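One chain is shown next in structure tokens, namely the form predicted on its own.
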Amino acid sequence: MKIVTLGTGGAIPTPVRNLPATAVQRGAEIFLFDCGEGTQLQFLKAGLSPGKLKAVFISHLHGDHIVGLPGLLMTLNHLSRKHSLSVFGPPGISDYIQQTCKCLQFTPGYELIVEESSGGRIHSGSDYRVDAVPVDHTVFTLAYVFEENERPGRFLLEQARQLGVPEGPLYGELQAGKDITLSDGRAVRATEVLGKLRRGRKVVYAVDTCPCQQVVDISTGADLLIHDGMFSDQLREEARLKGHSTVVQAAEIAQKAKVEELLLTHISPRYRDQDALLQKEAMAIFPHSTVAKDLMKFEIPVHK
């Protein structure tokens, strides 16, 4: 699993920060969270293939989080995309896409599936799921939790041999958690030859939002929390009025939730050369904090 920060700015783009967009690349699939202006160009700069895009998750309907979507949808059409694309977002996302396509006289040549949500389980694959949770912003906004299912425990080779399991395809079935029957009729349960279940990886995307308890709750134990960090703590009141968080408030959320890493994004354009200031403030509370820059890449290894 790789996290790519396509856009880390807030409200206004700058020469070094594009508008909000974060890609989660997992195997051969890419999941996009928010789609600020210029996201498709950032895809190219990051070396990501638009053809691998599986789904798009929009947090809310402010322009800096969604204006890049029409261009991306049209580019996918120019690339002769054939398989479907799912777009998830808050109430109003369907109307936005329909009206934009109508004005642009654009009809996608692929199946475009648009689903609105007010929260809950919104998407799942064979071994992962995505939940949406309302957070505290000036308009209705969703945070997203991308979490893998638990994985089978380590394969206990010596235990399998003692049970008389012959080397070969049966090992693979047991490793996948399937019970088997040997040639002599004896049943071997997968639990007999597997260690404890291994937890899946978990990434939380909470942008834009004021600090709120629901983010603490959904982020508990996350490998990575991607959180609004628009302001220095010197502007805590301005952050509250505008529905955002300071880097210190985001660090406090990360600390309470006991996450592994905090990635601060949606940085105000006023901090063009002050990443070090924001980083210092956050790390004083939560040492595993990083102020995001465009086109950063983070690897999240599987749990052993």
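For clarity, every value in this text was computed on a predicted model and none was experimentally measured. The first residue of the shown sequence is 1; numbering continues from there.
Below, we turn to the form predicted in complex with a further copy of the same chain, even though it does not appear here.
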Query raised in the report: If you check in the model of the complex, is Gly38 within 4.5 Å of a further copy of the same chain, heavy atoms only?
Result: yes
Query raised in the report: Is there a heavy atom of Thr290 lying 4.5 Å or less from a heavy atom of a further copy of the same chain in the model of the complex?
Result: no
Query raised in the report: With a 4.5 Å heavy atom cut-off, would you call Leu44 a contact of a further copy of the same chain in the model of the complex?
Result: yes
Query - Tyr96, heavy atom within 4.5 angstroms of a further copy of the same chain in the model of the complex - result: yes
Requested in this report: Can you check 158-166, 75-83, 116-124, 179-187 and let me know which stretch has heavy atoms within 4.5 Å of a further copy of the same chain in the model of the complex?
Outcome: 75-83
Query raised in the report: When you measure heavy atoms, are Pro211, Ala257 and Pro301 every one within 4.5 angstroms of a further copy of the same chain in the model of the complex?
Result: no
**Report entry** Answer option from Ile66, Ala239, Ile30, Ile267, heavy atom within 4.5 Å of a further copy of the same chain in the model of the complex
**Finding:** Ile66
Report summary line: When a further copy of the same chain is considered in the model of the complex, the residues of 7-23 having a heavy atom within 4.5 Å of it are Ala11, Ile12, Pro13, Thr14, Pro15, Asn18, Leu19
